[in-house]
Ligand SMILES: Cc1cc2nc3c(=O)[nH]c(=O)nc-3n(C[C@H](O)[C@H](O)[C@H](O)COP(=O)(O)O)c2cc1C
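In the form predicted on its own, a lone chain appears below as C-alpha cells.
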C-alpha cells in the first residue's frame, strides 16, 4: 500500500473493473491513489459491474477503512482496545492531537494529518500502538509521538520510520513437543505428499485430532473430507487471516516469522480436497505484511512448491493469492469473509449450506485460520503420532496464546493443551492478576479462584487471546470497552445484535454513573441471554459472553456498584429540587 496519499485528479489507470470479486482491491487502488473514494468512482464501478450505485455505496460504507472524505496525507489510526486503554491510550491521543493539530475523528486544518481511533490492530503486546498509512508504530508515549510527527513534517515517509514489529515468542514446550514454533525449512510439509493419496492425507489429519484453532474447534480433517466428497468443481482453500478478536496476535506472529508454513498448510489442504486455488484473506491492519507474504509466494513458485506438478506430483496444480480486507471484525466469521471476497458487504450468510458445500462463488470451499493451516503442515511433516504425544487425550497438540495486559512478559506462548491458567500466569510474570479474559471479549472471563483450570477443549478452551488485568483496572470499564466494540462491529443485520449491544451499552453507562438498580443488572443478563439464543452469527451470540461471565464470577462487584447510593435511587424526580440545583450552579 502507498505510504503517502497525495490527492490526484482522475481515477487509477485500472478504472475498468470486470469482476465483482475485484471490488475491494479496486477501491483500495482508488483510495491509495487519491486519498478517498469519490462519488464518480462509485458511479464508474456500478456501471462496469452493472449493479446499482446504492449497492456499491453499501459495500464501501460497510468497511471501516474505506473513506468518502479526505483523511489527510498521513492517516493515523490509534488503537483503542482495552489493553491500549490500560497502557496509556489517553496520553498518546492527546500527544497526537497536540503534535498534529488534528482532533480525534478529524483532519488538521492543513489537511496533512488525519487522526482516528480504531479497534484492536493485532499489536496488543506492543501497546499503545497505531497505524500511520497502515505502517505500524508501537510502544508509543508522548515523546515518541512528538518525534514521529516532527519527522513526518520534515518529509519522512511512514514506511521509512515505522517500527519493526518483533515476534515475542516467550515460551515453548520442551524441544520434542514443540509443534508450531520449531525451526522451519521450506518443503518439509509438502514433500510427504508424494507418499500419500489425498484420502490418506485427510485420514492423517483426522487421526491427529486437529481442530480449528480460531475458536469454533470444528475437526479440521472432517471439514476437509466433506469438501473432498463434494462433486462440484472448482474447489477453493481460503485462509482466514482476519485476526480481529481484541487481544489476539498469534496469526500475526506466524505470518511474520514463518509465512512459508502457512503456505504449505494451505497446499496440503489443496492436495487433500482437490482444490487448485488458495486465497489468503488478510486483514487491512496487517497490510504491512503483504509484501513479505507476496515475496514468499513468489519464492515458493520458484521452488516448485506452488504452481504446476508441485514436488513432482503429476497433475497436482495449486497456487495462492492474497486479498486485502478493509476493516470489519464480522469478516472473521467464515461466511461473512466469503461474501467480502466476492465483493459484497461482509454480512454472514444464512446457514442453509456449509462453505464445504457452497462457499466462495458457491463452490466447495475449506475455510481455516492461519494457526490451523500451520498445525496441519507440521502434522504432515512430523506425523499424527508425534502430534498425539502432546496435549491431553481430549485436546491433543499445542496451542498458541497471545498474552497481553498486566504482565511483564507479553507475547506468544506455545503451550501444550492441558496447561493450567496458573502456569501461564507464572510464565508471563503476571502483575497481581485479578480478572483474566480468555479468548478475547467474545470468550470467558475468569477470576483467580479458577487459576487451576486447564486450558483444554474439555475445560477452558482458548481461541488465542489471553488478557490479564490486575485490581487497578475497573471491571466495568473493561466491559464497557468490549460492549462499545461489539456495538460498532455489528453488521446490524439482525435485531437482537443491533439493539442488544446498544441497550447493554446504555445500561453499563447507568452503572458507571451509579444510577443502576438491581432490575438493570437483571435486564442486562436477560438481553445477553436473548442474544446468545437468537443472533444469526457468532458475533452476536458471543458478544455478551464477557458480561454474563463477569456477573457470575464477580457478583460482589456488581452488588457494590448497584448499591452505592440507594437513597438517591429511591427518591425519584423532584422538579423543585432540580430547579433549586440549577439556581445553585447558575448563581
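This is a predicted model, so every value here is computed, not measured. Positions refer to the first chain, counted from 1.
The form predicted in complex with the named molecule is left out here; the points below concern that form.
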| property | result |
| --- | --- |
| Which of 521 to 529, 538 to 546, 66 to 74, 49 to 57 sits within 4.5 Å of the named molecule in the predicted complex, heavy atom basis | 538 to 546 |
| Distance check, residue 369 to the named molecule in the predicted complex, heavy atom within 4.5 Å | yes |
| In the predicted complex, residue 216 touching the named molecule (heavy atom, 4.5 Å) | yes |
| 4.5 angstroms heavy atom contact with the named molecule in the predicted complex for residue 278 | no |
| 4.5 Å heavy atom contact, residue 360 to the named molecule in the predicted complex | no |
| Option touching the named molecule, based on a heavy atom within 4.5 Å in the predicted complex, out of 285, 264, 334, 125 | 334 |
| Heavy atom within 4.5 Å of the named molecule in the predicted complex - the one residue of 259, 418, 158, 212 that qualifies | 212 |
| Stretch 226 to 242 - residues with a heavy atom within 4.5 Å of the named molecule in the predicted complex | 240, 242 |
